[in-house]
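Here you'll find one protein chain in two forms, each presented separately as structure tokens under the names structure 1 and structure 2.
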Structure 1
């Protein structure tokens, strides 16, 4: 059947479907369905890692295969650095830009490397809002507890406390850089209720929160003349005899050459592994 004819069926049945009420599943039925169909519950999705620091830990097969894979770098590579810096930031999204700007602000020499252009990231498409406890009825402790619940109690407490306590100062920093958060009539920050939070806590910029924040952060990274390595994908981390990270090797996607960066500190701000499409989800 032609796709437009199928669309017509959707249009024609819309009113009838609107009136339909679909009975809710019991929690037991729901769990059974999820266990049967959700890719997270496939036994074949996981296997133990064969060697290395995480040997015998179970993870998704795609990640295990990558971790056990051969290095794309030949033994004979010349490790003379092309660039030397105080701080190397790997990743050009919200975390990478914020890390680079803060390090630069303290006087460190910073290089930011990203596999695409600066700001081509998940942050730029995260429009729903940013959780920060700014409302009078809210508090960093409540934010902490809500996040623990959302994280199935697995979060690192110390790290989480830093995040919820630094949040308001980060909001102030972004406002001073020119981010246009939505406001109440009295000039205070407007907060929206978000999923899983007990208090309204979402700071928003219209329905373009991530885009607005990234426009500003990218512009600021450029204004501060922070050195960029764009279209450079990190392919290996470097370490010294004590196991301390001393830099990284990148592959320049424009000319296929390797770029070696030596750094006193390396910040990994690469985000998650969504693009590995674990268990082919989401399906391309």
Structure 2
């Protein structure tokens, strides 16, 4: 069917479609539909974790299988470190680059490892901006309360407190590095009203905020000459007899060899868990 025939059908049915009414659902009807059809709410999509620190906690079956699966590392692998560092950052997106830069700024020796190239991450896809209380009529307290409401009081209060209080200083840090946030005619930061916020606090770089932030963070990591392990996917964490993380084993995707990195501290900034769309575990 060509485009002209489709346009004719749309035109001929327009009046009838305008008269259609959208069925109204009660909250009970809505919940029934969600639990019947939405994969995140199907009881069969969840099961308890069988062992470990999270034993008996429910999660999606795919994640449970990963957590309980056998290590991909053979017992005979040589664990002699190829690299030794103070801080090992796993992940080359916005969080990983920021963590590496802050650790480097304290004088620590840093290695940043990423499974692709530096900056190849979902951070570049963040279009809408970042909410930070920088407007004169706003405050971290208001930001805290708005976020509590938006999170239905399920937020980690301590983590949220740190995020809203540190937000303005992080915005200042990004600006000093060179991030070009949108400005008003007088040169002040332009803040927009974001979803769930009672005050304008959305900092943007047009509609490519994440791309702009990653442009600057990536360049700064390279400028600071932080050691990179690109195309190295983390396959196992290392630990000592006390259970403290002491590094990681990576798979070099270029030559299919394992790379062992020993570190005093390890920061996981790998993202990815959001793709599992884990929501509230349904009741039996």
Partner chain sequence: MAQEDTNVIDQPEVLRHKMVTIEISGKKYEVPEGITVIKALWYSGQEVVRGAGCLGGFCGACATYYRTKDDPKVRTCLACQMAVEDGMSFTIMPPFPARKALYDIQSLKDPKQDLFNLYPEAPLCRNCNACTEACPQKIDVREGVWKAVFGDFKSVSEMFMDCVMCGMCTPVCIADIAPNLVALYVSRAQGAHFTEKPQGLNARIQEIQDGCFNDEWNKVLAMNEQELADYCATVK
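Just so it is clear, the structure is predicted and the values come from calculations on it, not from any experiment. Rigid core (definition): largest C-alpha set, two forms, superposition within 1.5 Å. Positions refer to the first chain, counted from 1.
Structure corresponding to the form predicted on its own: Here the form predicted on its own corresponds to structure 2.
Can a Cα shift of no less than 2 Å be assigned to residue 149 between structures 1 and 2, given superposition on the rigid core? The answer is yes; the displacement is at least 2 Å.
By how many angstrom is the CA atom of residue 12 displaced between structures 1 and 2 after fitting on the core? Displacement of the alpha carbon, after core fit: 8.5 Å.
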